[in-house]
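Two separate entries follow, structure 1 and structure 2, each one form of the same protein chain as C-alpha cells.
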Structure 1
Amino acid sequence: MTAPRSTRSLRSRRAEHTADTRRALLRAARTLFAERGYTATGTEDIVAAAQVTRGALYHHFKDKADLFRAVMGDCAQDMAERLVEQETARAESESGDAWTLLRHGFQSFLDACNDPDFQRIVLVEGPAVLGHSAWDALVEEHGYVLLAEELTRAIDEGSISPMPIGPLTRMLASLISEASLYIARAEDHVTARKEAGEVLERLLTGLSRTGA
C-alpha cells in the first residue's frame, strides 16, 4: 500500500531538515576547528555557530571527536576532488607523459598543504586528535588507487623502469605524506614547501629512465 502524498511530503521535509542540520554542523565545526583548533573549540561554540541544539549535534555525531573525524574526512575529500579536477585539466591542456604529469601532481599537492583548512584540520589537528592511523586511512582512501594507476601508466609508457607497483605505490605515498606533514608543522611554511618540493623532485628524478 502506497503512503499518502502528505505523508511522503512530510518524510521528505524531515529528511531535508536532517540533512541541512548535519551540513550546518559540519560547516560550523570546520570553520571553528580551522580557526581555533580542536581543543579550543567547544561543542557549545559549534551548536551556537550552526544555530542548532546540542541534542541535534548528538543526534548526528557520537561526540566532538566523531564530528571532527567527519570534518577531517570532508576536508580531505574536498582537497582530493579539487586536485583531481586541476590535474585532469592540466592533462587535457598540456602534452606530457604520465610520469611528468604525476610529478606535477605531487607538487600541486605540496602547494595544497598550505591551504589553511587542509593544513590545520587534516595535517596538524587530525593526527594529534585521532592518531596517525586516521591520516593513514585518508591517504589510502584518496591516494593509493589513483597513484597506482598512474604509476602503471608511467611504466607502460617507459618513463620509469618496471618494478612492483604495490611497494612502489606505498613508498611514494609515504614520501608525499611525510613531505606534507613536514610543511604543515614547520614554522616557515613557505620555505618548508620550497625545500620539500626540491627534495621530492630530486628523488623522483632518480626513478626516471632518462634521469632527467
Structure 2
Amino acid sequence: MTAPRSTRSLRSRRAEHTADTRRALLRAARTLFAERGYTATGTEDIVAAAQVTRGALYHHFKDKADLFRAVMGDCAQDMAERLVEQETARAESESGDAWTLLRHGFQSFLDACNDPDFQRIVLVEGPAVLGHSAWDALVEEHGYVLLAEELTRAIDEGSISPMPIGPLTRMLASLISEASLYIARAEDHVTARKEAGEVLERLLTGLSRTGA
C-alpha cells in the first residue's frame, strides 16, 4: 500500500496521461448514460465528449458493457461515501437511541437516492444491462454491506426484532429506491417527498420491537 518511489520515476507523465483519458471516458459515459440511457448512447458519442477516439475506449475497457459497469461502480461508490460521511457526522452530533438513529438514516438514504445519475444508471439501467446477478454483486459490494451491518447492529442492540438480514436488506433498499423514483417522477416534489417519507416511516415501525 506504500507508494513505490524507487523504481518509478516519481509518477511518470505517461501514467498520468493515461489515467486522464480513462477518467475522461468515465465522466463522459456517466453523463451520457444518465441523460439518454445505455442503448441510446453510442460509443461514438462517448469518445466525442471525452475528446478521444474509440480506440482509447476499447483499450481501457473490454466492451461497452464493461465501461458501463465501471461507471455504475463509481456511482455506487460515490453514493456510499456520501452516506457514510453524512451518517457518521450525525451519529457524533446528535446521539439518540439506535432506533431513531436508524430511522433518520433511512430518511437520509431516501434523500441521497434523489440523484438523477444514480437513479438512471444504478437503479433503472443497471439491472437490465448487467443482468440481475452482476448488478446485485456490484451493489452488494458498495452499498448493501453498509446497510446490512447497520441492520445487524440494530438487531443486536434490540432496537428491531430479529429478522433474516439478506432479504431485509434488499427489500428495504428496494423500498427506498422506489420511493426516490416516485419523488423524482412527481410534479410536486415537496409533497411527494413528505408523503413518501410518511409511508416509509409507517412501514419501518413494523420492524421496531416496541412497535412505536
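Rigid core here is just the name for the largest C-alpha set that superposes within 1.5 Å across the two forms. Quick caveat, the model's predicted, so the values are computed rather than measured. Throughout, residue numbering runs from 1 along the sequence of structure 1.
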Query - Matching structure (the form predicted in complex with another copy of the chain), either 1 or 2 - result: 2
Query raised in the report: Comparing between structures 1 and 2 on the rigid core, is the C-alpha shift at residue 40 2 Å or larger?
Result: no
Requested in this report: Take the rigid core as the frame of reference and indicate whether the C-alpha of residue 117 shifts by 2 Å or more between structures 1 and 2.
Outcome: no
Query raised in the report: After superposition on the rigid core, does the Cα atom of residue 26 shift by at least 2 Å between structures 1 and 2?
Result: no
Query raised in the report: By how many angstrom is the Cα of residue 163 displaced between structures 1 and 2 when the rigid core is overlaid?
Result: 7.1
Query raised in the report: Aligning on the rigid core, what is the distance the CA of residue 153 moves between structures 1 and 2, in angstrom?
Result: 3.8
Requested in this report: Once the rigid core is superposed, tell me how far the Cα of residue 185 moves between structures 1 and 2, in Å to one decimal.
Outcome: 9.4
